[in-house]
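Below you'll find only one chain, the form predicted on its own, shown as structure tokens.
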Amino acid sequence: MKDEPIGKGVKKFTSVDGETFDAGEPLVLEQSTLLGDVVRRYSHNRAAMAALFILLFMIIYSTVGPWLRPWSFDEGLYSNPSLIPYQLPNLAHWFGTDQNGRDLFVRLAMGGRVSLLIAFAATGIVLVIGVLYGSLAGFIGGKTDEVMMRFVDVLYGLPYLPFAIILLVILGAGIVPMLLALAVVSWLTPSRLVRGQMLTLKQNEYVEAARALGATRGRIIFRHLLPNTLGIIVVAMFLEVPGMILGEATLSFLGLGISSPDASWGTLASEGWKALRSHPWMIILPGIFIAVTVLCFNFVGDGFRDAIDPRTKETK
């Protein structure tokens, strides 16, 4: 049998008895990128995809919800005496009204906007501090790493909630004091995660090659090491946000967070607690929003963790 080329990449084979046949088109392997693999693996996780869609709905509701109804989030009996307090959900007020006749649909949307804003902003502060601190500790190593990690251990011993309460009592209520109270201790876990990654990555050959070429420490950290920790940083972000939402809700529920007439989900839950027996829907609604959002963030974080790790078995 002999073969003759009949086209680019295609051959014609001739057998000993004179019969000819084509080999067909050459096999082309489909190449994929890291981002494409992550998206494909994540899209196969049905629970994570459902949680992502619910999260997007929550964000859209919090963004445009106040404009879907003709009521203002702070319009109550003091500005409009015709309003009726403690209304059940109806056509005029889809989620009912609170003790001051304010529309709960609008106030829950505004509360979600404040809660999610605080959660994302506090998570951003936590990740910046934690990533920089953990990167320096892991890359420098030695006694410097040991001293920095002992400082982290000391802060871990501080009780989170009492420490946050003391800060809010000193600084007062508001969004900025709330951000500081949530972020002051929460950066410890991301710093440990990034530090562990740094200890592993700095042993690779490309780091030694960068050193041999005269690269500075800053260039090695920000150009070669931190990009390889992006996966764990993204996962840490999605797993950190639920803690921030619960922390803000807890502090606001205790009366130390956002003050009326402004609202967050924690503030609305605190107001609903005062009318729990007579008007239970006032605390049930913000409780449902908090619980669903926290669960969705956890599912999304777990989905990204599984998608980024190529050793994880894909979800059918």
Partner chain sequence: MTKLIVRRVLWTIPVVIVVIFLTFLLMKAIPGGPFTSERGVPEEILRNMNAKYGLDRPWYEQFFRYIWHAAQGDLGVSMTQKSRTVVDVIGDAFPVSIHLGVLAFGLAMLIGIPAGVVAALKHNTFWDYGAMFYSTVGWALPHFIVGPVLMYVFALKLGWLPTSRWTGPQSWILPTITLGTALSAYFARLTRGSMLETLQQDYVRTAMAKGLPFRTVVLKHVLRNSLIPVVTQAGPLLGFVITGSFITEYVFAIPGLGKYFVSSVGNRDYSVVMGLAVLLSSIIIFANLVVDILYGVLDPRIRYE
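None of these values were measured; they are calculated from a predicted model. Residue numbers count along the first chain shown, from 1.
As for the form predicted in complex with the partner chain, it is not shown, yet the points below apply to it.
Contact check for I284: a non-hydrogen atom falls within 4.5 Å of the partner chain in the predicted bound form. When the partner chain is considered in the predicted bound form, W273 lines it closely, a heavy atom lying within 4.5 Å. Not displayed here, the partner chain is kept clear of Y42 by more than 4.5 Å at the level of heavy atoms in the predicted bound form. I308 falls outside the set of residues with a heavy atom inside 4.5 Å of the partner chain in the predicted bound form.
A heavy atom within 4.5 Å of the partner chain in the predicted bound form is found for one listed residue only; from P81, G142, G218, P159, this is P159. Put simply, of I165, A210, L180, L117 only one has a heavy atom within 4.5 Å of the partner chain in the predicted bound form, and it is I165.
Contact annotation: the partner chain lies within 4.5 Å of heavy atoms from the stretch 241-249 in the predicted bound form, the single such stretch among 241-249, 210-218, 119-127, 196-204. Heavy atoms closer than or equal to 4.5 Å to the partner chain in the predicted bound form belong, across 168-183, to the residues V169, I170, ordered by sequence position.
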